[in-house]
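What follows is one chain in structure tokens, specifically the form predicted on its own.
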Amino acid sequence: MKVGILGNGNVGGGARTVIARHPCGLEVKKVLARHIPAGLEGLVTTDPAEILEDPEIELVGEALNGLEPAYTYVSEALRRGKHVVSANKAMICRYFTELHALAAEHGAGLRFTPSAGGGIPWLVNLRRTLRCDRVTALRGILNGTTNYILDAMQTQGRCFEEVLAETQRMGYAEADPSADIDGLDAQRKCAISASIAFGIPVREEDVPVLGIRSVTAEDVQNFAAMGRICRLLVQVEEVAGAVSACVEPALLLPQEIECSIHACDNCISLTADEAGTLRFSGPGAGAAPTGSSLVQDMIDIAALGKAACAGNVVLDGKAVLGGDAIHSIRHPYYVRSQGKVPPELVRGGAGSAKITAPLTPQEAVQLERKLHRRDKTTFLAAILPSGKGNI
């Protein structure tokens, strides 16, 4: 099958290299880039029409950043009946429903395994589980940059600013690291995973989020005194057909599986009626792992051929978002702020911080916003119970 790749950066270039080494029935005919590198003049183009309008190209791999022009290009490819594989979590999250509708209308396959988990075959195994099982919960680490920062602060005693600068030098974090440290990247991956797991369109704004921008070395010392380790966690639960989701820093006991995930690795788990709890871990980003994941999706589509559309995600609407489920995720929070925490919420202290009564993630976000008006360095983290926590 002849393919075109939109983007020649880390992921697009990684996918191109993987196919060159392991063709697996795929042939890269054209690659879209802003500039044509020396030696790739016959392969790389700056004109998207050379991919989108070429009838020989049956499959398009999308590895661009941001919403546009990615959404325009992918929509056009689907309208022309071309299969699409995407690594673009922002676009997939924002236009999840629209893209699946286009794919169904035009008989095209749509896959996006590398959009959540990088090189980890997370989404493909989540979908595989759903073929004969019911998923009830998701939990784990889906952002390598924040994991690197929290791990280094905990194991090496370094400050947030120093480790963040290091991740930027290493290429893990962007010059503007907001998507990572404010939890927005994990929020999108959470929404995509929840949409698949429960057959409903979950938007990023449906997922309450707390980030790690304000975590300090003093906080990490307080965590250690509590016998806890901090990780940025994705959590999703279904209770009686209602779904609740959140992304937040969580204080875990050292024996929890997420505490053994170091540097930029990810670890995500699902809990299902029949299979129990299944965990997937490995590199959550990087040119080779994520590019390989993009190619794996291409191989799956090539194997299915014209039947690829039948393997697309189905939004069956059997569950609902919110409702009584918003109370299913509830736990105390560590709060460090110069702002005044309402006395009726305070249940104890931890060094310079306070421990609250159990709150929902929505209530915690509201509290953080209120305190942030008084103290922009305010930091909150969920304190999860031992064992499986909320899963």
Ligand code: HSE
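Residue indices: 1-based, along the sequence shown. Because the structure is predicted, anything quoted here is derived from the model rather than measured.
The form predicted together with the named molecule is left out here; the points below concern that form.
Just one of Ala103, Ala285, Ala308, Leu321 comes within 4.5 Å of the named molecule in the predicted bound form, counting any heavy atom, and that one is Ala285. For the options Gly144, Pro249, Pro289, Pro208, the residue carrying a heavy atom within 4.5 angstroms of the named molecule in the predicted bound form is Gly144. The named molecule is not drawn, but in the predicted bound form it has no heavy atom within 4.5 Å of Phe160. At a distance threshold of 4.5 angstroms between non-hydrogen atoms, Asp297 is out of contact with the named molecule in the predicted bound form.
None of the heavy atoms of Glu98 is located within 4.5 Å of the named molecule in the predicted bound form. For Tyr71, no non-hydrogen atom is located within 4.5 Å of the named molecule in the predicted bound form, even though that partner is not displayed. Remark: of stretches 217-225, 173-181, 237-245, 120-128, the one touching the named molecule in the predicted bound form is 173-181 (heavy atom within 4.5 Å). Contacts to the named molecule in the predicted bound form (heavy atom within 4.5 Å) from stretch 178-214: Asp180, Asp185, Lys189.
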